[in-house]
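Before any questions on how it binds or moves, here is one chain, the form predicted alone, in structure tokens.
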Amino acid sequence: MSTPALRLRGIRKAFPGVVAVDGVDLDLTAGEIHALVGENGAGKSTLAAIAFGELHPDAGSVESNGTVGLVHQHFELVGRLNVWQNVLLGREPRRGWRIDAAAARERVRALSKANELDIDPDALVEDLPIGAQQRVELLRELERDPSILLLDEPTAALAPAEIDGFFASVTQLARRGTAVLIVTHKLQEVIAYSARVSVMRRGRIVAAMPTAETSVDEIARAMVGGELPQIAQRAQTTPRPCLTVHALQAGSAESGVTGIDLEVRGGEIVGIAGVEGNGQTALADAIAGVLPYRGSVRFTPELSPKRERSRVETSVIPQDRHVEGLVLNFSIVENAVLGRQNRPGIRRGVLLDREKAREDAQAIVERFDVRAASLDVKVRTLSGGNQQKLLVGRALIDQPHFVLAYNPTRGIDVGAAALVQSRLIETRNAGTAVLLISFDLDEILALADRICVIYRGAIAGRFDRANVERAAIGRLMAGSQ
């Protein structure tokens, strides 16, 4: 056998109160796509960071036969720079002592086209939607042309059509001899594109096999150590008025919404299906009250103008847990109370009831299986999936009248996704109105009572659960019908 491009032996890494990686051996072979899967907190991202050299292991060895690149799960971009400046940061082409902006722009444009990751080199990164920022992360590492490429949840924010193009690029890299490790929760991608798969659970490799010799169900069972939890059953409800949106216009001409009419009733989930970048963010921000709009957004019963939406019966699961949802240097308890500090039972006069805040944090941890050494650890020490479960738990704990859920299962494993989806259905069964915005069509189809397809800022079609046509929804999402 040829020498592995990357060889990990006996890797161990501990953080305060938890062993993240415990005696892991792993080989990556040149020209092969190797998938690494596991539950949230299993140690996958930590192992990838050690392989890259970003973290130093407490024990074990890392041997690489080439240069290593890592695409992080959470973006490490400079928001105030444009795309080409981020991609070429520190490696810009020069003409004398000056940066050759024209050459840099063309270099990034050609790289983007060659890898089917279409993006404007001059776009300001902080203005880009999540999916586009993910593409910038990918381009930055591809520009370095590494012989070993580590991808941590690379398709978490990509639309289905973008995923196909991305894997076409990765497959070409592998054919040219690049060793590729993909850390992912999307098991269908594992089956479709990888040659081998390794499964981590609680810091250890518990299974490894050729992908052709396994299945999605077998991988999922290895991840959770048994059968997957079942999604809660949908109960009969009597829908009542909750949110009415009429002639809504918000955001820019390129990524805003234009004249949307929408109704979400208590006791139902309305799903917004669409390719990322078609106005979903503007719609969510306008409803949440953080983006100016024209038209009307009306809750029933009417909200008193003296009361903030955060105090009333509305909750938001934002699309970006780091930018909009969590304060990473705060503890679990502190994050569990964010946005809820003015709600009855939390505030005592001008002070917070810290005992109640701690009780709520404990309830979220238990009900949403948030795995942490204690309630007092900083949220940045949690895995991405456990951060997401904390965020969802905070939004649902008060049983609000209305929940805006934006990609609620992004970046979490199949077991955690089933748990979050169950909690959303239970919330709906209890009479809450849920507006679900998701780029995962399977999730929309599994959860929604009614589906609205959004395309270029307008509703392109509407479906009841009883008359859902997946192919028709797909055509509407692509703008071909």
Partner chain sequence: MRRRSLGNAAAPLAAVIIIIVLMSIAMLVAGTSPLDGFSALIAGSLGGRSQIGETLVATSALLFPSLGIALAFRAGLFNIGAEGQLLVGALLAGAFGGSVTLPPFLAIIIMLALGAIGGGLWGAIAGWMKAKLRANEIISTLMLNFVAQYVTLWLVTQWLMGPAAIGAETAWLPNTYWLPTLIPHTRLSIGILIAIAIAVLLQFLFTRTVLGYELRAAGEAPEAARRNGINLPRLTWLSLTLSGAIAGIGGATIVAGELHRFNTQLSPGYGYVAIAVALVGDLDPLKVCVASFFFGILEAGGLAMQASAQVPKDTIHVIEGIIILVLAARRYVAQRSERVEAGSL
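Numbering follows the first chain given and starts at 1. Please read these numbers as outputs of a predicted model, since none were measured by experiment. Think of the rigid core as the biggest set of C-alphas that the two forms share within 1.5 Å after superposition.
This protein has a second form, the form predicted together with the partner chain, left out of what is shown; the following refers to that one.
- Taking Arg201, Arg347, Lys186, Arg371 one by one, only a single residue has any non-hydrogen atom within 4.5 Å of the partner chain in the predicted bound form, and it is Arg347.
- Checking Glu54, Glu63, Asp442, Asp58 for any heavy atom within 4.5 Å of the partner chain in the predicted bound form turns up a single hit: Glu54.
- Only one of 373 to 381, 99 to 107, 247 to 255, 121 to 129 lies within 4.5 Å of the partner chain in the predicted bound form by heavy atoms, and it is 373 to 381.
- Remark: Val180 does not count among the residues lining the partner chain in the predicted bound form, judged by a heavy atom distance of 4.5 Å or less.
- In the predicted bound form, Gln341 approaches the partner chain with a heavy atom inside 4.5 Å.
- The partner chain in the predicted bound form is approached by Leu352, whose closest heavy atom lies within 4.5 angstroms of it.
- For the chain shown alone, Gly325 is a contact residue for the partner chain in the predicted bound form, at least one non-hydrogen atom being within 4.5 angstroms.
- Here the marked residues Val290, Asn329 and Glu334 all reach the partner chain in the predicted bound form, each with a heavy atom within 4.5 angstroms.
- Core-superposed comparison between the shown form and the other one: the CA of Arg80 exceeds or equals a 2 Å shift.
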